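Next up: the same protein chain in two forms, each one alone, written as structure tokens (structure 1, then structure 2).
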Structure 1
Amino acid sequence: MTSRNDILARVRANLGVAAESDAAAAERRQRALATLAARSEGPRPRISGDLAQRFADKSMAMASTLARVATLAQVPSAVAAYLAGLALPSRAVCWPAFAALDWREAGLDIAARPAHGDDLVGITGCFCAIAETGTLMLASGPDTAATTSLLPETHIAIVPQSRIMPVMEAGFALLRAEQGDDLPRAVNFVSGPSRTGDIEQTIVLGAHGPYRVHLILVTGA
């Protein structure tokens, strides 16, 4: 018996509810999936035109910075230029998908691993991006650690232009289409640096996460 089943069995025992058979559980799950599939969609904003430009404008309005490159191979030099421009460390961590980029040629020391508490710069991709609000959609997984975008002071995100969706609903539809029932443990939406206005209604950046978010838009990807 798994830990999950053990916990649910204890809950049922305390509630005086009989255990559900495997067949009944499967039938209930199919009914739930059928209900989701038959749902009616509410009104959505109409986002048209240049999605990449809309995403760029909205993300910068949320205090992100943005650079454009034509290919993924140009990302290391763009990262190096950004870090040097702010006198930031040339050491960082990245998702494994970007381990093979030529970071050393750009003068960077990049480790392909999840971020720890003392890492100052984290480099990630994104599952997709949302043009409507300039938001990154990040799906957690073994090779897409959430810590890499949440722990460092500076978050650099690589955004393929082909992965820019018009609205958030389109992002979730893409997630279901590509991952089916095998959904990620967590989906995080990032709209600019972390911020809070809890104290005297004064906006403070970096209160609960990075206080810099830099986007590298790859136009040819």
Structure 2
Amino acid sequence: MTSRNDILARVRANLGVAAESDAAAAERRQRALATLAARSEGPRPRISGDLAQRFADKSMAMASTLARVATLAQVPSAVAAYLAGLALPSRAVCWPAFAALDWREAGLDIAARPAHGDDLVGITGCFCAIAETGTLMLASGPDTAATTSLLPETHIAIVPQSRIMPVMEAGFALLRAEQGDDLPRAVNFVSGPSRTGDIEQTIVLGAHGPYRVHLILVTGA
């Protein structure tokens, strides 16, 4: 506690407000609260045209791959085709929201549980997606394990086209509208596979997170 008070006292002394009146202190506090309430947005690039196309282009620029299907029911066969194409295993874990899809019909063995360290493929949805940068916005919760998009070598994300927002600010606004002002424990923005450039600034995909991120854009959802 004393460190706290010492630090705040030093900051106040150096700001020249150590001896300010209660009214002056209240005014500064009010100014800060007004900044919070305003939530004013800064400059941003113009994002015009087809949001889904921009999202697709930008996500591929971040080394994701992308496939389009018309309905959610077509997702399992799209996943199966992707995995087979790269000779990846047909076992995976997924978020509970997708447990009811007919994975077996597509020849896949899918468990609806969070990922462990040795799971190789994880299938998630997303809270929404951001067109500006080709980014997935994931919100943690009981049914949206963060590990599913993190531990497996392959991350497959199902993106409903109607959930593509232009910019990060719109993602936050949507989150407030649907889940209230308090943020969930973790909001993770994911843009493509994990990477590192720490050896000779040579970019290598697959550092600690996935080696590949495959997006399945559901145009009718």
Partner chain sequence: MRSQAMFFQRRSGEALADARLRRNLDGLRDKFVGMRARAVSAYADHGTATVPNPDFEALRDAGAAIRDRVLKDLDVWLELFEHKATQRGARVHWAKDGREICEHVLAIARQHGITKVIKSKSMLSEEAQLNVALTAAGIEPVETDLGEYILQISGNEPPSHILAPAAHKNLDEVADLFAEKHGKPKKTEIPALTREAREVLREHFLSAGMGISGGNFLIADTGSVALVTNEGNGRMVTTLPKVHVVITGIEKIVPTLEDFATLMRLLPRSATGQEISNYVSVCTGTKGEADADGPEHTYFILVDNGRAGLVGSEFQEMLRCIRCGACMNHCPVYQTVGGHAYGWVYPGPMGSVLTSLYTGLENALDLPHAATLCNQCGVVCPVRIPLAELQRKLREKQTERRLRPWTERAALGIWAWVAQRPALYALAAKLGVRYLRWLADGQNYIKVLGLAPGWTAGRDFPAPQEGTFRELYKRRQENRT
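Quick note, the numbers are simply positions in structure 1, starting from 1. Here the rigid core means the biggest group of C-alpha atoms that line up within 1.5 Å when the two forms are laid on top of each other. These numbers come from a predicted model, not from an experiment.
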Task: Correct structure when looking for the form predicted alone - done: 1
Open item on the list: residue 31: after superposing the rigid core, is there a C-alpha shift of 2 Å or more between the two structures?
Closed with: yes
- [ ] Align both forms on the core first, then report whether residue 183 has a C-alpha shift of 2 Å or more between the two structures.
- [x] yes
Task: Angstrom shift of the Cα atom of residue 40 between the two structures (superposition on rigid core) - done: 2.5
